[in-house]
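To begin, one chain is listed below as structure tokens, in the form predicted on its own.
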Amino acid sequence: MQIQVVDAFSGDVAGAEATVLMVPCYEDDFPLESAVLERDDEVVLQALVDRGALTGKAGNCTYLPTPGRVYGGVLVLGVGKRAAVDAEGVRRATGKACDLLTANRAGTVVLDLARHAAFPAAAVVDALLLGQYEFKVYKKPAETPAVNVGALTVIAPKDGDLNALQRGLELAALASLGANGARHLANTPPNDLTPAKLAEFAEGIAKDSGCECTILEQKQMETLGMGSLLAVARGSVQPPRLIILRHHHSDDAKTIAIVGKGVTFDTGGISLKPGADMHEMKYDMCGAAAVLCAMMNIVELKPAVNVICVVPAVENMPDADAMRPGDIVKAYNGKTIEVHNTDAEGRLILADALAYTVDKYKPDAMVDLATLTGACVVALGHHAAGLFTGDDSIAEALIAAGETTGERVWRMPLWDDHDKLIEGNHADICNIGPREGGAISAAAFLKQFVGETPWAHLDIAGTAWGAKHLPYLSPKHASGYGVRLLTAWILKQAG
């Protein structure tokens, strides 16, 4: 999407009939405040206010066709009480407005902020890009293709810093396009997105950006002793990969690691999942998609921090050679693991990935993202990811990034007492704990593989897909959760 910030609207817009003037509207706060809106249109809109059709309540959006003007239509964006307006509210309101923009084939939006100081314009960019996303790769092209907004002009508030606003909008666009990239990966069917194809995607990032890429294959992982990851991969004809991308800034810069679960399809293995909704298990690599596409943003922005992106990529299938309940495997760090449930496979592949990352790269901080447990969905629904960490500074920074981006996290307990939940009978630890506290015992399992490294685990099982409360994210698609969160967090760590 082309973005420009101007201090005044000249009206010189190509294709005025496809141009929509977007004006913020606050609840019960009239008349509308616009530097562009023509008097006749103000009269019509005020009549709608008088009838109670236009209220300014959050998400109350009205479209007025205006043939013959320098803009083809006016979209009044209801954002709620003026004192309560925030970025997430604007995202949701703009998400609702996307249907009106699409229906009226808007190609350009002019956002009039001339009289709206401190309005979170970046949230409009987020919602336009996320809200108009479609995954149509496998569909027959429509006879009349939909028109999406391809250009945004923002009229800056009086005395505003145009350059800073331009940079902020471009950063929002980059982060949201990265999220759409993660959605594209996740929505791709598992017959076309195998561990090898995921590795090829990472190699493409490296080729385009110049960052380092290393792909470990099965023989190399066998040599390194990654018995936990390889046990999961045994049941599939698709060979596993350990994908590593590295953005190098300087030797004395802080090093951050982001690790994403990459199960490209999860049948549950021998502990087979129920057939209902199993097709959604192509989304079990949403953690991998998030860290890879966050890394795509990072190598573009080149912040003053070293970033390591690690993805263990496997398929979990019930072949004759598949891992069995009762098997005992040894992880990279030497811990033995008793397998009681082969559907608790995500923590097994993350165990080796986390331990290897700590040993090889010695990060100053590490965060993993994984669609790990149904228990986290029961606890938090689709409204937030579960955050597990013993490090308060990481927790505070991730919570802040979540509030900024709308990709919220909620801190859950992770106490030493929880380690007892995953004690093994015949091995050091077991890959599953009791039914109660299932998301916590999964995090306690992962904790065994990070040593003293400051670390946080994000269980994104509820946020990676299926949310129906966010107008800018269609529940038909994966959400791309984590890309914008990680991008914001890493940039903050880089100062």
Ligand code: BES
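Counting begins at 1, following the sequence as shown. What you see is a predicted model, and the numbers here were worked out from it, not measured in a lab.
Omitted here: the form predicted together with the named molecule. The next part is about that form.
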| Selected contact from H279, K273, K81, R324, since only one has a non-hydrogen atom within 4.5 angstroms of the named molecule in the predicted complex | K273
| query | Quick one: of G381, G390, G374, G168, which gets a non-hydrogen atom within 4.5 angstroms of the named molecule in the predicted complex? | reply | G374
| said: How about Q220 - does it come within 4.5 Å of the named molecule in the predicted complex, if we only consider non-hydrogen atoms? | reply: no
| Does the named molecule come within 4.5 Å of any heavy atom of L193 in the predicted complex? | no
| request: Considering only heavy atoms, tell me if A461 and the named molecule come within 4.5 Å of each other in the predicted complex. | output: yes
| task | Would you check, heavy atoms only and a 4.5 Å threshold, whether W465 touches the named molecule in the predicted complex? | result | yes
| said: Only one of these stretches, 169 to 177, 154 to 162, 137 to 145, 365 to 373, has heavy atoms within 4.5 Å of the named molecule in the predicted complex; which one is it? | reply: 365 to 373
| Residues in 320 to 342 close to the named molecule in the predicted complex, defined by a heavy atom within 4.5 Å, in order | N341
